[in-house]
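A lone chain, given as structure tokens: the form predicted on its own.
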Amino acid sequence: MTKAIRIHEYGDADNMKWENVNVGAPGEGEVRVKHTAIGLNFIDIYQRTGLYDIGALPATLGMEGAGIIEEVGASVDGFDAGDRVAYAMGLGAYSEARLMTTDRLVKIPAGIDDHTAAAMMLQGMTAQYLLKSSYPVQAGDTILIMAAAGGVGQILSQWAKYLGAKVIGCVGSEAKAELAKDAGCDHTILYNTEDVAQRVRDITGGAGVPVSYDSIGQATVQASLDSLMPAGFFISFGNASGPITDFNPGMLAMNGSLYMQRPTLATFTRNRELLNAVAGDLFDAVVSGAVSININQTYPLAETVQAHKDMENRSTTGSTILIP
């Protein structure tokens, strides 16, 4: 038997239970992974509450982890017992060990430890497709990042700066503004107390920005739209303040023929070729030092309830990991 965090019904953080589960031996095309670290992400909260349906319950939560392959099932190619591996978008990560197919697994390169790998896969690959595919950032661009002190936000800020962009980061407090500046933001805006769009216009000489990367959702949608230049890109990739509701596409016209995208990591890593390319680019950025993964919170896996509460209260910064 091994331990896992599971839910039997959707709801608040206290619905999560630390339970015994039977993992067993890997079947056809599967491996057994012993986790060494697990990533915590907002998608976990969306799934716990039922905002995102995860199917039949009870279910083990968690979408991202790193560990060692303990056992390999039949017909597995390219992976062996003892390999250090990591993954994102693989429900069931909140566990000491698990079975999974290899379609989401990548090998962790030398120079990246397991804790860093667990903290970077979902957030880092998200940053990669946002900067390289959703809106390809070019040197000289001035871009807007909401929640710039968060896990994805800090990676986005560093990477965009490395690409030659000027970065405006929106944050919720002065303390988070300092974190965002450390991550490469040239300017910070307190979105709770300042007029975001006006500050953006002041910074850009009235032009606005070509893109707003927005993971906050309902609370900042208007600020994002109002900050964009004509034909700019509103990239909505999260709902930290709640999902965007009653969105009128006419708002895109009124704000200057804007584009809107609601992307997912699953789309941009939907096959092995894409997964290898996105993960490989991320690994290169981290190994080279262009991007640092800031793990600012660590919790025992058994204390995941508190970790969720802290993330929901927006008291976390950077990346958070759970240790089995």
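Numbers for residues come from their place in the sequence shown, where the first is 1. Please read these numbers as outputs of a predicted model, since none were measured by experiment.
A second form of this protein, the form predicted together with a small molecule, is not displayed here; the remarks below concern that form.
Candidate site formed by 126, 150 and 311: every one of these residues places a non-hydrogen atom within 4.5 angstroms of the small molecule in the model of the complex. The contact residue chosen from 201, 176, 104, 161 relative to the small molecule in the model of the complex is 176, the criterion being a non-hydrogen atom within 4.5 angstroms. Scanning 122, 211, 168, 131 against the small molecule in the model of the complex with a 4.5 Å heavy atom cut-off leaves one residue, 122. The candidate stretches are 71 to 79, 91 to 99, 202 to 210, 237 to 245, and the one lying within 4.5 Å of the small molecule in the model of the complex by heavy atoms is 237 to 245. Proximity of residue 54 to the small molecule in the model of the complex: non-hydrogen atoms within 4.5 Å are absent; the residue sits far from the partner. At a distance threshold of 4.5 angstroms between non-hydrogen atoms, residue 283 is out of contact with the small molecule in the model of the complex. Although the partner is absent here, residue 46 sits close enough that one of its heavy atoms falls within 4.5 Å of the small molecule in the model of the complex. For residue 216, a non-hydrogen atom is located within 4.5 Å of the small molecule in the model of the complex, even though that partner is not displayed.
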